[in-house]
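Shown here is one chain on its own, the form predicted on its own, set out as structure tokens.
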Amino acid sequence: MRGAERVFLCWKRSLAFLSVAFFLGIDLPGYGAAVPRDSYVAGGISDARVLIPFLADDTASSSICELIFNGLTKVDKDLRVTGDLARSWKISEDGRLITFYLRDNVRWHDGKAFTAEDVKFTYEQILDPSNGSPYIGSYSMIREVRVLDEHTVSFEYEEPYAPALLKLGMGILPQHILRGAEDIRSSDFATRPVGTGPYRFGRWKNGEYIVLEANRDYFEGVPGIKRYVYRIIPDQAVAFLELVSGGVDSVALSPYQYRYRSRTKDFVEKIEKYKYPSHSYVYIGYNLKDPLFSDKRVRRALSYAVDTRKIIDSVLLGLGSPSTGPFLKGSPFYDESVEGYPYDPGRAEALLKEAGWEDTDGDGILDRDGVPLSFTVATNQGSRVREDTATIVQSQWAEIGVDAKIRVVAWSAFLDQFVNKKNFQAVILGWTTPIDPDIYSVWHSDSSREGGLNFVSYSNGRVDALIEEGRREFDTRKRREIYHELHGLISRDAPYTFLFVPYSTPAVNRRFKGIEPSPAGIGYNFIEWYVPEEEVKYKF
């Protein structure tokens, strides 16, 4: 199908969606003309997978869960831990016992009262291996969760756990609905959740949209926006057209769209764009169970052969910075002294030769024992940045005799059939970088089990020991030393080729007010966004 035809068909689907949206507007219960008002329609490249916080391991699912559920804690605009479902807390002198004092004015979306029993139930589910939470490693040091009274709950840890307050921001589930469920992941709740958050679940049409409704009983106040609609638009070009035409109110701009497509009068009048370093990084991950990548000299050579600066300049159009490790860039735990792998194809060739790879038959591709250095790099559909990055990397590797093929796969299939099953050779993906430097879930060898996030199967005993030590250490200076050593070790082992930290470049329709960019981005105060009465678009 030609590009123009694809855009036209997507445009027809958009018109169909507007009709559906109108139907939804008159079908779902309304709240009258008072605040909250209007709808916010966000465009995203992939559908959600499961709406249970401790099972949500993709961006779409996590972002929807954040609107439906609350944790005990959260971070404010300056990335400081503050209370959410918890009013306050007390930490024992030895750091092993945290007692939370819960809000007493919180109700589930079905009207039932939230209590400490819900907290205990949720963490029992997270720690139950049969539920397969990819985050179980972040809670494995919890010895016991005790309900002290209806609104007081304590967490006893095996040993002091520095990231505890941040990790306990995981969304809490309702015991009265899920008690006795045989399989939470496949339950109706996973696609029709009930939370305590600012938005209630409305409906979900797979592959098309998810609708949420403002929670008029929310304990922090009624959200300013009445309805949140998440639309799945896999094509970034189509998403941009939808933004300018008003089919959606917000999308993440590609670098090209940010630099060049957003200069038109129509765009400037209707849309506000933002730019700030994201809490994420993009990388090439190697399956260390594949014989081609078992030798770190090969992985290091592949890293030296990638010109990251060229990718940042040509793919990101300068909207990013190089990354050399898994920690939040700019934080005390990211070691700026780690050089990583500056572009050096000569050094790459020497390492490959040392590892036994030479072009013995003159076909331009390195080989060893009759096996060519040839493999497939997979990435997800819908990200022009990752696809273009793959093309440049393929070309740069070809210059040193490495034959890389590119495979682009729809997001859900990519995760289910390739990543989660470790059915890949190399992938181009990205991780959100947590505020706390604890990297157990992605880098500890225990997380390489089935369903874990260490799907490249990285294992290093010293790294495991440092990760465990870092979780126990509360002193910031000592933690800094631990994570700087970790940064260097992981870089030298090269299980990833760390590429770049991209800028976040969201664009939002100007009718939405109350947006205040901060270190946490622009979405941290979404419930405070509003639309003045005279600018309301969707009236229902």
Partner chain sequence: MKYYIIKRLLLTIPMLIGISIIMFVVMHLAPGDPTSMRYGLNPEVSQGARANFNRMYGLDEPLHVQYGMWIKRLLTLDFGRSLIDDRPVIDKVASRLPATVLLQAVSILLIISIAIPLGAAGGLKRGSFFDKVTTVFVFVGYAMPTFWLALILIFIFGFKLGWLPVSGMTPWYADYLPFSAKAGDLAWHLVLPVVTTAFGGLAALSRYSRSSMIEVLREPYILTARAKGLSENRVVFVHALKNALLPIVTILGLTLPALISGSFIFETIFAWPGMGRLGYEAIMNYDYPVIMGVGVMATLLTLLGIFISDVLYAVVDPRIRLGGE
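Residue numbers count along the first chain shown, from 1. A quick note: this is a predicted structure, and the numbers were derived from the prediction, not measured.
Missing here is the form predicted in complex with the partner chain; even so, the following discussion is about that form.
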In the predicted complex, segment of 251 to 259, 235 to 243, 302 to 310, 389 to 397 with a heavy atom within 4.5 Å of the partner chain:
235 to 243
Of these, Gly137, Pro174, Pro193, Gly169, which has a heavy atom no more than 4.5 Å from the partner chain in the predicted complex?
Gly137
Residue (of His444, Lys329, Arg227, His151) lying close to the partner chain in the predicted complex, criterion heavy atoms within 4.5 Å
Arg227
Is every one of Val50, Tyr209 and Trp431 in contact with the partner chain in the predicted complex, taking contact as a heavy atom within 4.5 Å?
yes
My question is simply whether Thr497 lines the interface with the partner chain in the predicted complex - judged by any non-hydrogen atom within 4.5 Å.
no
Answer yes if any heavy atom of Ser321 is within 4.5 Å of a heavy atom of the partner chain in the predicted complex; otherwise answer no.
no
Contact label in the predicted complex: Leu415 to the partner chain, heavy atom within 4.5 Å
yes
Are any of the heavy atoms in Leu453 no more than 4.5 Å from a heavy atom of the partner chain in the predicted complex?
yes
If we check the partner chain in the predicted complex, which of the residues in 184 to 204 reach within 4.5 angstroms of it by a non-hydrogen atom?
Arg185, Ser186, Thr191, Arg203, Trp204
